[in-house]
Ligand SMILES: Cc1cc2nc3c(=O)[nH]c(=O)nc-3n(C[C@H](O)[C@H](O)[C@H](O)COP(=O)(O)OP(=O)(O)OC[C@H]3O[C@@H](n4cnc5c(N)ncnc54)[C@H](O)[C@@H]3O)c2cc1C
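Below sits a lone chain in structure tokens, taken as the form predicted on its own.
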Amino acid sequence: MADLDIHEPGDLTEAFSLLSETDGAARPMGGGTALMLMMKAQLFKPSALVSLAKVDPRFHGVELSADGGTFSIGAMTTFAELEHNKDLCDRLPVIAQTMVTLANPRVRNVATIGGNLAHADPHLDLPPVWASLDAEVSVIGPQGERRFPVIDLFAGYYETTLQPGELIMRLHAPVQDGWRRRYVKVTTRSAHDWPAIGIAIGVKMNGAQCEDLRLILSAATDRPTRLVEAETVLRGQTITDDLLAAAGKTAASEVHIETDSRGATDYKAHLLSVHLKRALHDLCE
């Protein structure tokens, strides 16, 4: 890697100044786990790194709202902090379940929520889970703050909808009582490897009837993608094996599935159909 400067600004004004004065050659840094890999591969060649560790208290901490309805999570929160937050794991157990096969403890001790989202690699495990929770992100830039659904953050492979100079500040994840959730990670090698497909599922049942649901596909597509047509097949219906099979086939046909080193398009479509049906069967019982 080439020589570069590392800055640790004490406030947002200084951070914005450092990021703007290099004409796009400086990069903001959270934990730096993904950024360092990209730099070693020569995909990024920044002249400077700007740490966000001390820019603003709002970038830190996990807070539960007074009414117990929403978790607000700072962008600099590490995976390990999420993993060991009892309130979060009790109310959103899908997060703890996802962490079991997410990288390794050394990475989880350093990698941050904001950096993970901003990296926008479609193979990552947490972004589809946040999307299935109807989570939102708060971002801040020189022009002010804005908040929008997390699924709208992703524009494609390693691409986001962040405007120049904007930083992810907090993530907001609602606690939705009565929902059952699961993240299905299908790998062709070890459990900790990048997935061939990832499926984040949330289901709200009323007896045998599916009252509402969220189905988010990742890894097989260029960004976390909601399976709207498959949801429509199931929403408001009494769940049967035939209906689940139909939803699986619909899911496999409604999105463009990418071929890569972890499988061809047809193979991944088959994985999606099979694993979606299995997971929904277990959650809906």
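Don't overthink the numbering: it's just position in the shown sequence, from 1. Since this is a predicted model, take the numbers as computed values, not measurements.
The form predicted in complex with this ligand exists for this protein as well; it is not shown, and the discussion that follows is about that form.
> Of the listed stretches (87 to 95, 141 to 149, 209 to 217, 114 to 122), which one has a non-hydrogen atom within 4.5 Å of this ligand in the predicted bound form?
Replying inline: Stretch 114 to 122 is the one.
>> Would you classify Arg27 as touching this ligand in the predicted bound form, given a 4.5 Å non-hydrogen atom cut-off?
In response: Output for Arg27 is yes: heavy atoms within 4.5 Å of this ligand.
> Heavy atoms within 4.5 Å of this ligand in the predicted bound form: does Thr225 have any?
Replying inline: Answer no; every heavy atom of Thr225 is more than 4.5 Å from this ligand in the predicted bound form.
>> Would you classify Thr188 as touching this ligand in the predicted bound form, given a 4.5 Å non-hydrogen atom cut-off?
In response: No, Thr188 is distant from the partner.
> Does Ala34 make contact with this ligand in the predicted bound form, using a 4.5 Å heavy atom cut-off?
Replying inline: Yes, Ala34 sits close enough to this ligand in the predicted bound form that at least one of its heavy atoms falls within 4.5 Å.
> Just one of Ala196, Leu133, Leu171, Leu102 has a heavy atom within 4.5 angstroms of this ligand in the predicted bound form, so which one?
Replying inline: None of the other options qualify; the answer is Leu102.
>> By the heavy atom within 4.5 Å rule, which residue out of Val184, Met205, Leu162, Ala80 makes contact with this ligand in the predicted bound form?
In response: Only one listed residue qualifies here, and that residue is Leu162.
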